[in-house]
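Below sits a lone chain in structure tokens, taken as the form predicted on its own.
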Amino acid sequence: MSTQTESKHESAGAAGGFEPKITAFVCNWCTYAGADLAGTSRLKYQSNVRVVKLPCTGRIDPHFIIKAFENGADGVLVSGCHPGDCHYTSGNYHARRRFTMFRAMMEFLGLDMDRLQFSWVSAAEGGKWTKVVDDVTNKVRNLGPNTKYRELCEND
């Protein structure tokens, strides 16, 4: 993390505000293209999300989500193609089925399920991407810092 970014987060914390760190795992073909459309259209949205581009949401290993939380994420967003519109035919169906497994894993780890969000954003939905990012950021901001899981990691 750069010194400017650290200073921004430190000053927000010192002022009593909390700015969440959110990791987004996105599909290359739909959500990433939708985020790119939002950027090229100069749509405004909160800058708390760091995007990790993957070929397909069906390729997201549960360890990616755990590692995001271990590395300081306060929230994780998984976003891909709408069901039925997957570039790889059924990858988003695999991701949707894994959602139940992610839920059980997060409960086992003691993480609040509200810190993990799923969405479907197509390449033509730049406006929807901005709304999803703003909604997830506001939701995680209201939850506060993810200190519970960090404390568990430190005790191991």
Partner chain sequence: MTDNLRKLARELLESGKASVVIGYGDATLPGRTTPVFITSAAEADRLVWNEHCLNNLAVYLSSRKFKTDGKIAIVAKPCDLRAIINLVQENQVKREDVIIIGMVCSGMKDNDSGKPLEKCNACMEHVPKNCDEIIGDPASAPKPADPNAEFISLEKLEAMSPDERWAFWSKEFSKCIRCYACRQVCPMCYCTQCIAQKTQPQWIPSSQTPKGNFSFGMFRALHSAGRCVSCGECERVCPVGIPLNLLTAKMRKEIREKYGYEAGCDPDAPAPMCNFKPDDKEDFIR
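Residue numbers count along the first chain shown, from 1. All values reported here derive from a predicted model rather than from experimental measurement.
One more form of this protein, predicted in complex with the partner chain, exists but is not displayed; see below.
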Partner-contacting position among V51, L111, C56, A33 - heavy atom within 4.5 Å of the partner chain in the predicted complex: L111
4.5 angstroms heavy atom contact with the partner chain in the predicted complex for S90: yes
Contact of T100 with the partner chain in the predicted complex (heavy atom, 4.5 Å): yes
S122 within 4.5 Å of the partner chain in the predicted complex, heavy atoms: no
H63, heavy atom within 4.5 angstroms of the partner chain in the predicted complex: yes
